[in-house]
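So this first bit is one chain, no partners, the form predicted on its own, shown in structure tokens.
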Amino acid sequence: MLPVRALPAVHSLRNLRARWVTSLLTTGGMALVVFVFAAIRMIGAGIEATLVATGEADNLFIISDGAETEVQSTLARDQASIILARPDVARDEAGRLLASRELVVLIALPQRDGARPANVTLRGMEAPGRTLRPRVRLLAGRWFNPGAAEVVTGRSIAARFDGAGLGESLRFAGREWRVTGVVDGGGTAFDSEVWGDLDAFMQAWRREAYSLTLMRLATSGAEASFRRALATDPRLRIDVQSEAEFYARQSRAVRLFFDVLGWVLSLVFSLAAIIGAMLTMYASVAARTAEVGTLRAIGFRRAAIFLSFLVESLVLGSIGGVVGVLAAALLGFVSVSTLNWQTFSEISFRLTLTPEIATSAILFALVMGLLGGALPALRAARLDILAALRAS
């Protein structure tokens, strides 16, 4: 048996079922706002997860001082030679340096669906570059041959761009490049890149300098001393950081943009949802005037009436929040592509619903319910007992 104190709240919850059409419309509006809020923030979280997963914590990423991206970096040949001549650079089982000098450029490629061309990242690398990225595996075909006009494409690029599929050809830098393989980047940014041989790319683009050097140290934990040694060499003006750190830093600006966009759009859309909730609750007050008068006559205080109507509005908000989050969670099965504003190239990723996004989305729905129900609840609490009873 329910306690007497819960009687007003019980009546409010029963009212939701009795007025199910207006309740459904109100929760639907709130759910839509929550869906938009969560979906936009999921874009930023998805890009961040993809970029963070791209970097290997054990790899060192060396670019020119002041460069924010690989494309902006210019690493002279003599600087790369000085770095790789150090004895603390790791070697593989065959005694070869575990390092890859790389050239990164952007080109525009036509899309298969007829949309306007989009920028794609091309990466020329040395053979150890594949070893340093263990999450990238060959899906079909074979790797490119050294010195040849051959490339492999990430699976997202192969699916979306003309000439990027296995056995097809891409045209850039004044020649045809045969696609000999398609790779799976393991959910990283490498799914959205085209890889080829460093020397072939340097000749094709007539470049004299590299974009970066990717390497690994022979001794774990020697990164600090390695950085100090390079920083004190007057011949070098470089930036040394872990590969994981580099990609994590790239993701922060993109994540911040989508977080802010999600909040701004949701605040604008929420005004309509709050007004809808307010109208629903005012209608509830009007329909239950006699009930309110009866509850007040038998001894319930204004605070109990106020809380009962506020609970009704919060329940509407919580239902809308849960429904909106569940709908947004379905987007996690979708892979999309967008422009990475840090590199101005295409990046493929999955929308990611994090616990923080889900929690904030439901809290946002509760705030909408609170704001939409506060004034109607106050009106109900302030109803005159005799006037309310006459309404019956």
Partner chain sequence: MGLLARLLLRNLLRHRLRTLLTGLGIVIAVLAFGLLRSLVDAFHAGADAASATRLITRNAVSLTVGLPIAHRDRIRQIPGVTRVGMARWFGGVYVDGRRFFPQFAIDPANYLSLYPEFELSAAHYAAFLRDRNCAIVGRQLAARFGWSLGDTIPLKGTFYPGEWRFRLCGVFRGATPVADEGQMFLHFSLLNERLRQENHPRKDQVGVYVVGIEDASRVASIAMLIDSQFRNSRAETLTETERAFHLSFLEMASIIMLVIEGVSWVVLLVVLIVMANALAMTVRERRSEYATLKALGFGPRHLVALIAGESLLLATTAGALGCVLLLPVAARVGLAVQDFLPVLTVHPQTLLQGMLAAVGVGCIAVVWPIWYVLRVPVTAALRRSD
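All figures in this text were calculated on a predicted structure; none of them were measured in a lab. In this text, the rigid core denotes the largest set of C-alpha atoms whose superposition between the two forms falls within 1.5 Å. Positions refer to the first chain, counted from 1.
Unshown form predicted in complex with its partner chain; subsequent notes refer to it.
Its partner chain in the model of the complex comes within 4.5 Å of a heavy atom belonging to Val33. In the model of the complex, at least one heavy atom of Arg207 sits within 4.5 Å of its partner chain. Although the partner is absent from this view, Thr26 contacts its partner chain in the model of the complex, with a non-hydrogen atom inside 4.5 angstroms. With a 4.5 Å cutoff on heavy atoms, Phe257 counts as touching its partner chain in the model of the complex. Candidate site formed by Ser81, Thr131 and Ala329: none of these residues places a non-hydrogen atom within 4.5 angstroms of its partner chain in the model of the complex. Note on contacts: among Ile275, Ala127, Leu138, Ala148, the single residue with a heavy atom within 4.5 Å of its partner chain in the model of the complex is Ile275. Segments offered: 53 to 61, 320 to 328, 353 to 361, 39 to 47. Contacting its partner chain in the model of the complex at heavy atom distances within 4.5 Å is 39 to 47.
Shown without its partner, the chain has Val105, Leu106, Ile107, Ala108 in segment 90 to 112 as residues with a non-hydrogen atom within 4.5 angstroms of its partner chain in the model of the complex.
Relative to the superposed core, Ile157 shifts its CA atom by less than 2 Å between the shown form and the other one. Annotation: Cα of Met278 displaced by at least 2 Å between the shown form and the other one, core superposition.
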